[in-house]
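The form predicted on its own is given below as one chain in structure tokens.
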């Protein structure tokens, strides 16, 4: 996946105003099946996988026993005893190990599938022109259906990482090039990794290695909504204790008022005193300003609208705190 094709801002704006396509085939693809699959997934992931009907998907976390994040991912139920788990590329092995430790039979299907994300307000029109007979435009969010991709059986899901409506197409590897070309012919703009990051940041979506890490738990990252407390997920006992006493730190957003771009690792000040540190920062093409996510101790997380400063090398960028997202969608 290249950093850019024609330019980060142009590609970002294409997704916000029309339709863009991303080659995200680097993501992991783990097949989990058999009699032990449901029980192992229920233990490994924070979502209630047994309540997912075939044809549905869910966002979830895989955790260590102490509640720290192994990864965040999507889980697709393909059949009664058949799931596909899609972790971040760098964490594919760690998620596979965690599943196997919980009794799962895991098959790595990384090279079987290409994944093309089709995102933007015009994504439905582009998809209809590409596959006129598909039922995908009628799917509910976080649902999927089978799709004939040039004579090969794939599937398409109403999922994504941009805050826009759209799909993620799982195409058999041998049919992926043709699917990509078809989508471009039908009006989609190719989009690289640079715009993928600015798009997700505008929505306040966490990224592993930035907002999520081995040393970060979901309650600190404002992901408590992704925890199915009634299930026996790994790390539940530790997170129950965190929930009772409150997380040590919390994630919040910053929108800059002065010109400049905050970056990961930049210090955040409140009233001239150290407050926290930026985990992700970039220029927001939609709002035309610098934006950032940052952590601070829970008892010091500022209320929305509080003035703060980001120390960007020798400059101090003035900004205001907010609860993401940074734009209205």
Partner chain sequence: MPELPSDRRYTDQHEWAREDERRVTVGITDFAQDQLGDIVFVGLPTAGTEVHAGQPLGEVESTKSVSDIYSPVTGTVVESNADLDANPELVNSDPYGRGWLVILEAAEEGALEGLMSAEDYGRAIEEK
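Positions refer to the first chain, counted from 1. Just so it is clear, the model here is predicted, and its values are computed rather than measured.
Keep in mind that the form predicted together with the partner chain is not shown, yet the notes after this line are about it.
The listed set 302, 67, 276, 260 contains one residue whose heavy atoms approach the partner chain in the predicted complex to within 4.5 Å, identified as 260. For the candidate set 307, 311, 24, 10, a heavy atom within 4.5 Å of the partner chain in the predicted complex is found for exactly one residue, namely 10.
Remark: residue 295 does not count among the residues lining the partner chain in the predicted complex, judged by a heavy atom distance of 4.5 Å or less. Among residues of the shown chain, residue 286 is not one whose heavy atoms approach the partner chain to within 4.5 Å in the predicted complex. The partner chain is not shown here, and in the predicted complex it never comes within 4.5 Å of any heavy atom of residue 42. Taking non-hydrogen atoms only, residue 282 approaches the partner chain to within 4.5 angstroms in the predicted complex. With the partner omitted here, the stretch from 58-66, 43-51, 261-269, 25-33 that lies within 4.5 Å of the partner chain by heavy atoms in the predicted complex is 261-269.
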